[in-house]
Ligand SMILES: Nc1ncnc2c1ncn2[C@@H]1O[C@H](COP(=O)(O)OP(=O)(O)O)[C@@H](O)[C@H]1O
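Quick heads-up: it's one chain on its own, the form predicted on its own, in structure tokens.
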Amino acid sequence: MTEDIDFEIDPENLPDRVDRDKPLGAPSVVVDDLHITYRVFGARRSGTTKQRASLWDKMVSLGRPDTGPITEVPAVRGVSFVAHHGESIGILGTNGSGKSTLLRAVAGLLPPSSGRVFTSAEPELLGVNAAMLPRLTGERNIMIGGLALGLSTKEVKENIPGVADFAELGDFLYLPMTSYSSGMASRLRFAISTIRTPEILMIDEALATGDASFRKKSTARIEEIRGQAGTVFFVSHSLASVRAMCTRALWIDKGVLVADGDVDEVADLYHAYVEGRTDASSGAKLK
């Protein structure tokens, strides 16, 4: 499972660690016993045999498409936590653990199967709120993304030079995004999403393609958001980046919140888990 952690970032290329001594504000996100269950149509459970349908079942199914059996897949199971203004929270977990599902549920993009999510403001999920149209130029995407975030046309036009400079687009600003590298597209998404200071910002692997210089700029921007009483959620496989950019960490395993606490303590437990030196039950003491 070690492929789920990014060990390729050299220490000298990491951004400076965020200030962890800042006082926290009031709660910004409250997640109460959250469950997210996907319903998969047409899936057949292994080891089961097809049973003959009764005459009644055949009559009821007339005129309906045969979608096959429905399998329920629990992606998030009973997760509860409270986030405060001024926190930056890393979400750790292996592939398929439910990290992104949790983030999208908190952002309001996935309805809970059960449980509740309360937020003090509308969360902004990086790359989703900022609508990106690959056939349009970077300049046009900045305009569309800024308008989607609630800025006026005048405000967006005033911010275009700053966004382009932050994303390091250069002359690519006037070229369609189909000509952009993945790194350029990621930098532009981050720059658009932070045109204005969001109260709750969610970042899902957005900095994975950023170089050392951009990581430092992004961290500085995140610190600015935290300094203005914002809350940042950061999903990444890079433990080094999470340690540098976050004050707290949540470890999700198979949809269950295994650990919630100081970023270094949770990261150490998770690191030991992916190396096979311990199991997920080791995180229970931090919850």
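Residue indices: 1-based, along the sequence shown. Because the structure is predicted, anything quoted here is derived from the model rather than measured.
Not on display, but discussed next: the form predicted together with the named molecule.
- For the residues Pro198, Pro112, Gly86, Gly98, the 4.5 Å heavy atom test against the named molecule in the predicted complex is passed only by Gly98.
- Among Ser186, Asn159, Thr94, Thr119, the residue placing a heavy atom within 4.5 Å of the named molecule in the predicted complex is Thr94.
- Residue contact with the named molecule in the predicted complex: Ala75 places a heavy atom within 4.5 Å of it.
- Contact annotation for Val40: at least one heavy atom lies within 4.5 Å of the named molecule in the predicted complex.
- Only one segment in the set 176 to 184, 161 to 169, 100 to 108, 213 to 221 has residues whose heavy atoms sit within 4.5 Å of the named molecule in the predicted complex; it is 100 to 108.
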